[in-house]
Structure formats: structure tokens, C-alpha cells
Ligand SMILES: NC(=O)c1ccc[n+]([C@@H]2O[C@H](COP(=O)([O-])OP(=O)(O)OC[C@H]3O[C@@H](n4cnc5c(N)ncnc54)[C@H](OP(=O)(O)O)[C@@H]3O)[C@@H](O)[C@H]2O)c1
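Have a look below at one chain only, the form predicted on its own, in C-alpha cells format.
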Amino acid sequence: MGRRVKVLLIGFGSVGRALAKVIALKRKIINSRYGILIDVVGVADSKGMALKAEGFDEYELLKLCEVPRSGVNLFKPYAHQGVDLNILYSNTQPDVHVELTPSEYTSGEPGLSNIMYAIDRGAHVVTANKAPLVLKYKEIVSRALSRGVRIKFRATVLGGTPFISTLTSMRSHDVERIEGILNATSNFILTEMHEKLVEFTDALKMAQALGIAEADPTLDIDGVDAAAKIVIISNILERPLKIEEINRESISRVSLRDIIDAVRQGYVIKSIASFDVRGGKASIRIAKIPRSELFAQINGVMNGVRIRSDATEVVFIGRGGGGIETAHSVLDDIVSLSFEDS
């Protein structure tokens, strides 16, 4: 038996379910390898919660993933109607609060209140929800510091890669510029338009049919998601931007004629996020890129980002998100917190 880490999963959509599965499959391996026993003691979705103070076993975690969406309140005998963090915390005393509720960029809720509650109750926080960090990064980090807890958010930017871990480790570097493809949905749609020679609406329908685009894809296609990631990056680099300061261009304006004209000229159309760190300016723009350039060759749901500093240039290419990829990033953060506490 390793050192026990009690975890709450708040938000049980695609990422939450993927995380539950990954923990169920890798819990014993992590215990054997690192001496850390991860116990999920509570799970909550929009309508209810399930809690078990001694922790759900691997079989129970997998069965939890079989309940319908917003159906955690059906998971007998551990289910409760409605969500009450006071009950969850009082009955489970978690070490780590994992915040996986959807991003909402007007108020940041419910994620923002959930994170502040966790910090005030002395729990470390791991989040894949970008909105609270976009709206209240400084306040969240300051409160965590004052309460002696930590917040980790590797899954918020290029969740399928160690991008944030690398960026935060570049302490002696003067980072000058960060740019690249930061949204998988937009990149998939533009790739479809190039490869299938279809209009934007047809490419969007394909992305939705495959589950790559949401029913309401606005945050992705209008550049809000990419801009949110730039805001988080800007805060890490202590050159904070507000999301409304970032100029955004929607890929919905790209027509099949634009694609054909670009191809004839030897270019590829991409949605490029860029942050001029020294100038303090950022944008999400529709750009024509020569076919020979790196970003022109990053297609489908892949993301690619270049960090340029006074000392070096580092490039990351990988899946920006996806349930399994994001779940592994969240789990890495949980394990990392456990190491730091030992």
C-alpha cells in the first residue's frame, strides 16, 4: 500500500470519464512504481454526485463510466441527488480537487467558485477548465499561495503534450514569442476544406459527426478557445493579457474559393495564434502559410506550437486535447502534486 491520495472529480463528461478509466487501469501501476495510491472518493456531474470515503475500486470506477451523461445520481448505493460541495468535502476530506466542469468565459462558473472553495478547504487543485484561469488567474494563484496549496493546469494548453511543464521550467529564458495552432477543432475543419475541397459548413458538419466539434462550436471556430490558451500562457510568463485584448478572426469566414486560391499559390490556410511577449500583443488570425513551413504540415486534430526565446527555439507537436490525452495530463498533475507533498 502506497501513500494514499484522495481525489474528487468535479465534472464527469468526456474528460472526467476518461480520467476515471485511466485511473482504474493505471492505479496499481502508479502505486507499484511511485508508492502513490490514488483513491477517487467522490464524483459529481451537473445533476448529482457519488461519494465513497474509502475510495471507489477499479471495477466501480469503470461502472461509473457506464452511467448515462448527467447520471451520476443513479449510481447506487453511493449516489446523491444534486451537488453539494460541503457534503462531498465533509464526508471525504479530499487531498486533490480535480475541476473538469465546462469552460464558461463570462462568469467562469461553476468552475471558479469550485476552485476557490477547494483552495479555502485546503485541497490542491488540478484543472482542465480554462475559464477560471482566464478570468481570475492572479486571484486564484494568490489565494492558493496564501492557503499553502497548489494549483496545476497542464491540461489547459496542448493537453496532449508537456507544453506547460516545459514553459514553466524555462526560468532563465527571455521568451520572446509564442505562436502556432492551438485549437484542434478549427485545424480539423480547415484540413477537411483543403483535402476534400468542401465549404466550411460541410467541413463543420463532418467535425460534429465525428465528435470533434461541439453542437455549438462557437468557442472553437471564433478563436475564443485559442485566445483563452494565450491568456493562460501570458500569465505564466507574467505578461498578463485579458481575453478581450486579443484580436480574433473566425474560420467561418474562410470559403472554398479562399482555399482553392491559396492552394494554387502554394499556400495553406491555417488559424494561427501568436503572442508577441515583448510587445504585449496577441492575435488569433487566419493566415496563408507556404506549404513548406512547419505549421502548414500540421493537420487534422493535431496542434503545433513554437516557443522562441533569447536562447533557443522549442517546438511542440501533438494532440491538443481529446479525452484520453487530457486525462493523462490531469493524472500527471495529480501524481506530480503527490511527489511535491512527499
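Start at 1 and count along the sequence shown; that's the residue number. If you're wondering where the values come from, they're calculated on a predicted model, not measured in any experiment.
One more form of this protein, predicted in complex with the named molecule, exists but is not displayed; see below.
**Student:** Is every one of 101, 155 and 326 in contact with the named molecule in the model of the complex, taking contact as a heavy atom within 4.5 Å?
**Tutor:** Yes, because 101, 155 and 326 each have a heavy atom that approaches the named molecule to within 4.5 Å in the model of the complex.
**Student:** If contact means any heavy atom within 4.5 Å, which of 307-315, 278-286, 65-73, 50-58 contacts the named molecule in the model of the complex?
**Tutor:** It is 65-73 that comes within 4.5 Å of the partner.
**Student:** Any chance residue 23 has a heavy atom within 4.5 Å of the named molecule in the model of the complex?
**Tutor:** No.
**Student:** Quick one: does residue 130 come within 4.5 Å of the named molecule in the model of the complex, counting heavy atoms only?
**Tutor:** Result yes; residue 130 sits at the interface with the named molecule in the model of the complex.
**Student:** May I ask you to check whether residue 110 falls inside a 4.5 Å heavy atom distance of the named molecule in the model of the complex?
**Tutor:** Output for residue 110 is yes: heavy atoms within 4.5 Å of the named molecule.
**Student:** Does residue 149 reach the named molecule in the model of the complex if we count a contact as any heavy atom within 4.5 Å?
**Tutor:** The answer is no: residue 149 has no heavy atom within 4.5 Å of the named molecule.
**Student:** Under a 4.5 angstroms heavy atom criterion, identify the one residue in 38, 273, 41, 44 near the named molecule in the model of the complex.
**Tutor:** Only one option qualifies, and that one is 44.
**Student:** Please tell me which of 123, 236, 243, 83 lies within 4.5 Å of the named molecule in the model of the complex, judged by heavy atoms.
**Tutor:** By the 4.5 Å heavy-atom cutoff, the listed residue in contact is 83.
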